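Single chain ahead, by itself, as structure tokens, in the form predicted alone.
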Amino acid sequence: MSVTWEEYLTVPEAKARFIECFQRCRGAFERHRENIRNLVETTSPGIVACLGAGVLNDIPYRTLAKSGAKVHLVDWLAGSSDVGISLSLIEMDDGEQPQCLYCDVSHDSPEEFCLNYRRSNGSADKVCDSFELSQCDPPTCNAFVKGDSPSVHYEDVTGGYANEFGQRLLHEMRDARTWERAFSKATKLAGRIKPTGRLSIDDASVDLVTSSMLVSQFAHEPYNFFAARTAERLGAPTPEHEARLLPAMEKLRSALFTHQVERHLDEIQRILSPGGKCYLSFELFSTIPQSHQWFMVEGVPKALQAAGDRFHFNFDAIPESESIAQFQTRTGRSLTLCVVMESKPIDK
């Protein structure tokens, strides 16, 4: 039986893989976290939404929690942000004693964030009676049970576009007997979808939206889902056949990418409050493993144009030196444009 879209998004041994991602990638995204910290300090947002939050590697979660803002964390990989929260709570002080973000006595409502919070008069200032230090890296509290805050949404940040394509694909492809036919049917499906899904976040309610590494999030999925399911049914094409399929492949990838970026930006525009700000980062160039050559990331001009159609760019909201950032990733290096955007008036 072919894997469904929902099954495809289910990560095997999810907790261990999310922890490994947090450990491997967190250092690479410190500049994103610092940019967002600066925006939180200068704008004092009441509500923050982090789209594509994952395991919070590019989110300064401790800063957000201490700011008092209501926080929405959104990602389509179930369990990812819950693991990210648990890995962000504990720090060791100069005396190598644990201090918990939620247990700290200065925290106003710890019970809202951890259902196991318990404090007696004899509790240490920075951990509660329930605290159980783990022996992993980074340290966690074994007793932590997430409460109602922050709000975590395992939803599609493309306004339902990617989910609808993935869910409808297998039915649409049931009578495709060749790769050419499969590409044709998938491309037609990509153009027909009129998504009605919305994030469960109110209109015009968010003062600060973050969405990092925008292009890479949509450049591979759900195209890879299509390619895997088609190869499963028809077998992998030969190199010669694959070369002939290249125009059809590029047409489908471009359609999926463009629709997803546009729907994602539409959702940002919908939830952003009047006067609110959006921190976005676009991958401009990247290298491939073991290579020193840089290549423009496919889709960048379209993504920037779509953003410019909907938002004003504000290059004064973060330091000029932080607008361009270079990152070392698992697959190579990435040069990223970091921008702050503000909504344009919506035409009636």
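Don't overthink the numbering: it's just position in the shown sequence, from 1. Remember, predicted model here, so these are calculated numbers, not experimental data.
What comes next is about the form predicted in complex with a small molecule, which does not appear here.
- Screening 110-118, 207-215, 224-232, 142-150 for residues having heavy atoms within 4.5 Å of the small molecule in the predicted complex returns a single hit, 207-215.
- Though the small molecule is absent from this view, in the predicted complex it lies within 4.5 Å of a heavy atom of just one residue from V48, L56, I36, L280, which is L56.
- Contact with the small molecule in the predicted complex, defined as a heavy atom within 4.5 Å, holds for exactly one of C103, L272, V157, L73, namely V157.
- For the three residues F29, G52 and L77, a heavy atom within 4.5 Å of the small molecule turns up in the predicted complex in every case.
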